[in-house]
Structures are given as structure tokens and as C-alpha cells.
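One chain comes next, on its own, written out as C-alpha cells in the form predicted alone.
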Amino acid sequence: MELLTTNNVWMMLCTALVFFMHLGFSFLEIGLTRQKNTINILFKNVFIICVGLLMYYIGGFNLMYPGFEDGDFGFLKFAGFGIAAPENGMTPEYADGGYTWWTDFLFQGMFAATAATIVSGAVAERIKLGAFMIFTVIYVGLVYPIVGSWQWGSGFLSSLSIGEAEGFYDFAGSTLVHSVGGWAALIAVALLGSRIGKFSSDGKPQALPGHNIPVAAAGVLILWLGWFGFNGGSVLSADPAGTSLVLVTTCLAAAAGGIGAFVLSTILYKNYDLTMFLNGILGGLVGITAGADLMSPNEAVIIGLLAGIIIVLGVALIDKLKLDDPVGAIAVHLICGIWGTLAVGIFGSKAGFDQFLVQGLSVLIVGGFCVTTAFIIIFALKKTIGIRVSEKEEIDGLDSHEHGMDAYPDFRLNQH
């Protein structure tokens, strides 16, 4: 019982750290966008965590962990509404003594809301708030838990075998969390179109500077701290060897990601770009998330370094495709999420060609499902209530039109 208490307290602490990440996401999105949309961004992020938890309570948890039986293909099953604890839910028999049923729900619920937060940054400054809220309810309530059930709920991806590889592997969600959000962000940005002024008449990307880079930097450092819970909690116990290795690989990958992005962006653009440095850190964190428990420190540094390089190239690619992603969410969460997932087949204790094939096939399956569902939801919203604000609303700022208030009422002279 003492071990259960220790493990459970660690999981509760990690739950709090993942919750704290929502402040980091909010700060990052606010800092990299213009001040006239600050209230709107805060409203979206507060809505995501509130509705995400409620949707996970109503049915998401039981959709993600439905209890597939032996012989089931493991694609879709629902264990019912609500979260009534099973008989052994508060005993060491539940989850091998790692935590209680209630802690399990809360920890997983924090993860669920993260997928929609990724989309929020990519569509910032021009999406209708009502359309975004409807999308969030459906995507967090249905799409995220269904994909999660395929792996973490012992569905078909967990037993997908090719040759010697036995099942897809995604420790804390490079694919199941980050690229699930990233695929939706990609579709949303494509259907929304770019912000006014983002691309010149000849198609060249123009800088629309964020209004508060110190806040953005604080957001990234908060996210790095939160990742101690995101990856550290995914050990699902307070096992000393497991948690300490995961925290070391997580931190080294983050640091290497920052350095990789900073060095390459400096070589290419001849200036020290702080925003690229910050996104490199996040790319390293996303990249290590799939295999944080499998990697040596050396391998974690390589994965993070390559993720940082991928960020710089990914941001340039998104611009070349004339997609407008104000915070770099697609490069960070989708592209580095794919990289981190594939890295499990290249580095670490599961490395091998067969495992690489399983990882790649799983990325394609999840990507196909998320692209299809996100397109159906967002396209339906576009054709019914509309997804983009008017030109006047976008130019004036969403805060005054959708919220009737200003984040900085005493500093309107600074607005751009």
C-alpha cells in the first residue's frame, strides 16, 4: 500500500505539471501573435482545458480505454458514459500498483486537451471562436480517444507486427498526442487561408511580428517544465530507474533541439532568431516523446539535435506551401512528432528495420484517420456557420469584436 501511495503521489504531481503546460501553450500563442487578439487566445485556451476535461469525463475516457477483449480487432469500442470506478480501482491490483482509477482519469484527461491546444496556435488571429469551440468538442471528445484506444487502450496498433517487431511504440505521444493535433492543425490552416498581409502579392512570406516575445519565451520554459510531468508521468509509476532516465533523455533532447535550431537558423538567415531557438526546444521535446524510456543520453541528444534542424526546415517548408501558422505548431507537433515516432525504429532498445516499418505504417494510419476526420468536421463548419472572421474583424482584432474587451486597455498606442 505504501508503494501505491508513493506512485500515486508522483502521478498526481505529473498531472499538475501537465495541467501547467496549458499556461505555457497560452503564453507561447499570445507572445507570437498580435496584442489585438490576446483575449481571444486566452478564451480559447481556457475553453479547451474546461471542455476537454468534461468531454473526457462524459465518454472520452471509456472510448480510449474500452477494454478490448481477446480476439477483438481493436478499432472501436465504448465502455459506457461516465467514470464510475471499478471494484479494484483504489487498490494495488489496479494498474499494477502504479496509481488509482481517479488519478488515471485525471492524468489522461490532461493529455486529451493538449491535442486541441496545438490546433489553437495554428489557426490564431482569424478563426471564428464558435467554429473553433465546436471543432474542439468533437475532436477532443471523439477523434483523440479513438486514436488513443488503438495503442494505449490495447487496440490494433499495439499488436501490429511486422517480422520481429511486436506492436507500435509511442511512449508518451509523439504521434498519439502531438501529431493527432498537428494533422488537424494542417487541415484547419489549409481550409482557413492565411492572415491578411502574411503573403505579398508575389507570394513571399511577410513577418507579422508577435507582440510579446518575453511572454513567448516564458511559455516555452513553462512547457519544458511541464514535460517533466508529460514524459515523467508516462512511466506510470515512480520507478526510480525509469523516471530518472526519462527525465534525463527529455531534458537533453530539449537542449539539443534548441541548439540545433539556433545554429542552423543562424547559418541560413545570418541572425540570432530567438523564436526559432524556442521552437527548436519544443521540437526536441516532441521528438523524444515517443521513445524517451528507450534511449540512451547520447541517442536523446542526436534525436533532439535533428529535431531542431527539422524545425528550421519545416517552418521554411510551411511558408513555401503558403500555409500560415503563426506559432509554428505544424512544424513542431506534426513534423517533429513524425520524426520522433520514426526515431524509435532507428535508435534505442527497439531499433530495427521491422520496428521502423511498424512505426511508419502507424504514422500513416493515424495520419489518414486524423486528416479525414478533421477535414469532415472543419469543412462542414465552413459550409454551414463559416470558420473565418470578416476582413474588418481581422484587421480590428478579435478581442474587440468577439469579446468586447481589450487585454491591454492602457496601451492601445502600442497596437499593430
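One rule holds for the numbers: they count along the sequence shown, beginning at 1. Small disclaimer: the values here were computed from a predicted structure and weren't measured.
Unshown form predicted in complex with another copy of the chain; subsequent notes refer to it.
- Single option in Gly193, Pro297, Gly197, Pro86 placed near another copy of the chain in the model of the complex, where near means a heavy atom within 4.5 Å: Selected option: Pro297.
- Item | Interface residue in the model of the complex among Ile376, Ile385, Cys50, Leu361, criterion: non-hydrogen atom within 4.5 angstroms of another copy of the chain | By the 4.5 Å heavy-atom cutoff, the listed residue in contact is Cys50.
- Query: Ile39 near another copy of the chain in the model of the complex, any heavy atom under 4.5 Å?
  - Reply: Looking in the model of the complex, residue contacts with another copy of the chain include Ile39, since a heavy atom lies within 4.5 Å.
- Query: Do Phe43 and another copy of the chain share at least one heavy atom pair within 4.5 Å in the model of the complex?
  - Reply: Yes, Phe43 sits close enough to another copy of the chain in the model of the complex that at least one of its heavy atoms falls within 4.5 Å.
- Message: Residue-level question: is Gly210 within 4.5 Å of another copy of the chain in the model of the complex, judged on heavy atoms?
- Response: Gly210: contacts another copy of the chain in the model of the complex.
- Considering only heavy atoms, tell me if Phe369 and another copy of the chain come within 4.5 Å of each other in the model of the complex. No, no contact at 4.5 Å.
- Item | Partner-facing stretch of 309 to 317, 174 to 182, 94 to 102, 336 to 344, counted where any non-hydrogen atom is within 4.5 angstroms of another copy of the chain in the model of the complex | That would be 94 to 102.
- Message: Given a 4.5 Å distance limit between heavy atoms, list every residue of 200 to 224 close to another copy of the chain in the model of the complex, or none if there are none.
- Response: Read in sequence order, the residues that approach another copy of the chain (within 4.5 Å, in the model of the complex) are Pro209, Gly210, His211, Asn212, Ile213, Pro214, Ala217, Ala218, Leu221, Ile222, Trp224.
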